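One chain is shown next in structure tokens, namely the form predicted alone.
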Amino acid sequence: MKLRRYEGNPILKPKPENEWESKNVFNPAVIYDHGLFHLLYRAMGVDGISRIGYAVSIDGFNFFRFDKPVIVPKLIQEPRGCEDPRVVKLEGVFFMTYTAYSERGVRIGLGSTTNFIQWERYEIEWEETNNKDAVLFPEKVDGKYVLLHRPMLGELMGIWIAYSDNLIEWHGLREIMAPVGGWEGKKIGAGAPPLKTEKGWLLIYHGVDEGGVYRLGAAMFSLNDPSKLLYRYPEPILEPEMYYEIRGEIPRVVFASGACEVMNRYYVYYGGADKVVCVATVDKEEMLGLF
């Protein structure tokens, strides 16, 4: 099974007239709420620092984008940029995880909003280690907030889980899914926040091979115990094939960080070659047929 690319891709390109997003726009988060697709995307301008922009759509393909970033780096926390947002709706509030980049490395950033324009930022209490690819589950499991993430420990990097009572202090950290070779032999990381299905938590993730090529995969985790991997589809569901995925800031990259379900169809939003924003779709029944 392959995701089906939107024929109008890329749906967002760099905007030369806006200095902050004049070079690259990529790695988008998405959430569908009250009939609108809300897109948060990583943008880079001439200064090389990542900020997060916002765009909105009725159909999921044609977006109106705001001319100013909605998240800009805090000088103390992330002076080198805010990267790769993911967003969920939890208890009526939208929470965004992102990668905070500073001189000390990268760590997990967290913000919340009710309108996508005004954001409150939080300081997550985490050990001083490089960590990224953080995604929240869209609801509590057994009374706990649940997070997937990827500590950058050693050469082989897999997907880890963590639990919290307050979104600030995290515990129970352990690896739940490791690279297995081939197209995902070097490292894997959570992509879009997990989607709840009747078969379990559907995770769209990225895998990287020894040549540095990024592809998308799919896995299913238990609803009651999200640390339990039920099945991972052995083949990639999307790989770089189009010109906008092969040529860009970083070649041969498809990197999904947003997915939503609308009318029994999954919309998967991804960055192409760290340069543009794209979308692909698949019927829910077809996707769940993999499991």
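All values reported here derive from a predicted model rather than from experimental measurement. Note that residue numbering follows the sequence shown and begins at 1.
Not on display, but discussed next: the form predicted together with ligand BMA.
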| item | value |
| --- | --- |
| Stretch in contact in the predicted bound form with ligand BMA, which is absent here, among 235-243, 51-59, 222-230, 248-256 (heavy atoms within 4.5 Å) | 248-256 |
| Partner proximity in the predicted bound form: Arg215 to ligand BMA, non-hydrogen atom cutoff 4.5 Å | no |
| Any non-hydrogen atom of Lys132 within 4.5 angstroms of ligand BMA in the predicted bound form | yes |
| Within 4.5 Å of ligand BMA in the predicted bound form: residues from 33-64 (heavy atom criterion) | Arg42 |
